[in-house]
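To begin, one chain is listed below as structure tokens, in the form predicted alone.
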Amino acid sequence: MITLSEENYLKAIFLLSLNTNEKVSTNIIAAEIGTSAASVSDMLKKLQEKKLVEYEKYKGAYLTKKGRALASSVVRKHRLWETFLVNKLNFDWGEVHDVAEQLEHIKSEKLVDRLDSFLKYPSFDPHGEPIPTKNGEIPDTNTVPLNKLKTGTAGKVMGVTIDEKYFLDYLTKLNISIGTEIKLLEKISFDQSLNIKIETTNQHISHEVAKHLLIKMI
């Protein structure tokens, strides 16, 4: 039996290791979970006993095939529930993360499969994050962070790398959401901040904001 806490660890390792084949360190996992490195080490030992991770002291851990399947399932449920809450229950995109954190631990595969079908098998959630398929396949996002674009390039916002309410509320104030068209007008060399055009309005944003906006060029 997998506990809620164990699922949270598997999900964290899954998300932290998406773009790398290397082991995820205990310190990085601790920062993601919000706990101590010692607590992470204890949990990784338990997960290794259940054959869900391969763990080496001081070097970190990676998911086994079984662990990755479980983690992918949790992420799939989380993002499907976010999609349902926004698209069908009219929640704001900045308030669904915490609710989905609770719903992602539902065990019924039948319910999740029907939810997926009801939503017509979406590939991306309201934040633009890819939704793993039932088989664990992850759709290709084909995006780049806004701060990596060349001056004069335009694209559409396809996702964000932070789904915390404070960040999403800030984007809403800037009239930025999924599908918003943005053109990079200028990069400020002093602090790497950006002057951009949002639809028809010029705006200035920080480098910190820009690096978390995922853009598909048009």
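Given the structure is predicted, the values throughout are model-derived calculations rather than measurements. Start at 1 and count along the sequence shown; that's the residue number.
Not pictured, yet referred to below: the form predicted in complex with a further copy of the same chain.
- The closest non-hydrogen atom of K110 lies within 4.5 Å of a further copy of the same chain in the model of the complex.
- Heavy atoms of V74 never reach within 4.5 Å of a further copy of the same chain in the model of the complex, leaving it off the interface.
- Residue contact with a further copy of the same chain in the model of the complex: N135 places no heavy atom within 4.5 Å of it.
- Contact annotation for I106: at least one heavy atom lies within 4.5 Å of a further copy of the same chain in the model of the complex.
- Taken together, the three residues T161, Y166 and D191 lack any non-hydrogen atom within 4.5 angstroms of a further copy of the same chain in the model of the complex.
- Residues W81, F84, L85, K88, L89, N90, F91, E95, V99, Q102, L103, H105, I106, K107, S108, K110, L111, R114, L115, F118 of 80 to 119 are found to place at least one heavy atom within 4.5 Å of a further copy of the same chain in the model of the complex.
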